[in-house]
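A lone chain, given as structure tokens: the form predicted on its own.
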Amino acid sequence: MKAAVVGASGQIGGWLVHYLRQKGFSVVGSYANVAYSGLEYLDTADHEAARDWIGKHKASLIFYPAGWTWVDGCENDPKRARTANLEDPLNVALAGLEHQARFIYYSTDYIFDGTDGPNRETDLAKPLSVYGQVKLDAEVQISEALGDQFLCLRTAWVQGPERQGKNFTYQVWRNLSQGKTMVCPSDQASNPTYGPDLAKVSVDLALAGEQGIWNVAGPDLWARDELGRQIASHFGFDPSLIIGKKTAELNQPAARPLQGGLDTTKLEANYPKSLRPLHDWLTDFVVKCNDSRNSGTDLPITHPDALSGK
């Protein structure tokens, strides 16, 4: 069995490679900007090269956690947003379809307007931003092209141990460990989702032959500033360094859903307890980071201290 992970250097991709190998898969992973040992360079914007790469490896499962997820960047550069989040993955999906590969795509709760979240898979999408719109367009177009070979996993606020240390949990650690304050929205709520759990259940869903749209997100909803305080307290930092402000005060280029998040009733009914709540995964975050630093394992993790000058 062979699987391909496009974007294996990222926070979901690294864990996908890990869990696929645990399942006995031969795994090929790609990177675009940040190289790691064992990964192959792939520029998905070069559509011919991407098709050749897919054709060479002929994986039966293609996971696509790659893309451009900077919401404000997408708002300011709609063309790049559409290329990275729709045209490039569609090209890869079609290349895989030539040898009957199943395609697993990652979408977002930002396809909803945040007026009545958490939202179910069947709720009407109403994106507020360029990012949300292109992800929704990708869902529709890839589904139309692939039919039952398409699995779309909507998720939200992905956190947890990873190599590049970009996610919100690392940002809190990095700032508060240096005594800096951190301004966070007080009126944006969603499901923080633990990256290792997301990757693991992604593999389970793919191996079970699931198709269509699934909400895969953490079981609890938090406002962004309160999430920051919970992370701070868990790591022994001063939670008062997290400063909550209303979204309207932050002058963000892209509109955000406020009452956001994803309803995971479908996932819980079929794959119960597959994603851990906040305090459970924060504990696991620390364990995994310390294990990686102390044992020299090849887990896809950078300890936050390494990114905060300690």
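None of the values given here were measured: they were computed from a predicted structure. Don't overthink the numbering: it's just position in the shown sequence, from 1.
Absent from the display: the form predicted in complex with a small molecule. The rest refers to it.
A residue is said to contact a partner when one of its heavy atoms sits within 4.5 Å of a partner heavy atom; residue 112 fails this definition for the small molecule in the predicted bound form, lying far away. With a 4.5 Å cutoff on heavy atoms, residue 65 counts as touching the small molecule in the predicted bound form. When contacts are judged by a 4.5 Å heavy atom cut-off, residue 156 counts as touching the small molecule in the predicted bound form. The small molecule is not drawn, but in the predicted bound form it has a heavy atom within 4.5 Å of residue 69. With the small molecule omitted here, the record of contacts in the predicted bound form names 36-44 of 36-44, 277-285, 52-60, 238-246, defined by a heavy atom within 4.5 Å. The partner is absent here; in the predicted bound form, the one residue of 106, 194, 214, 170 having a heavy atom within 4.5 Å of the small molecule is 106. 164 is the sole member of 177, 149, 186, 164 with a non-hydrogen atom within 4.5 Å of the small molecule in the predicted bound form.
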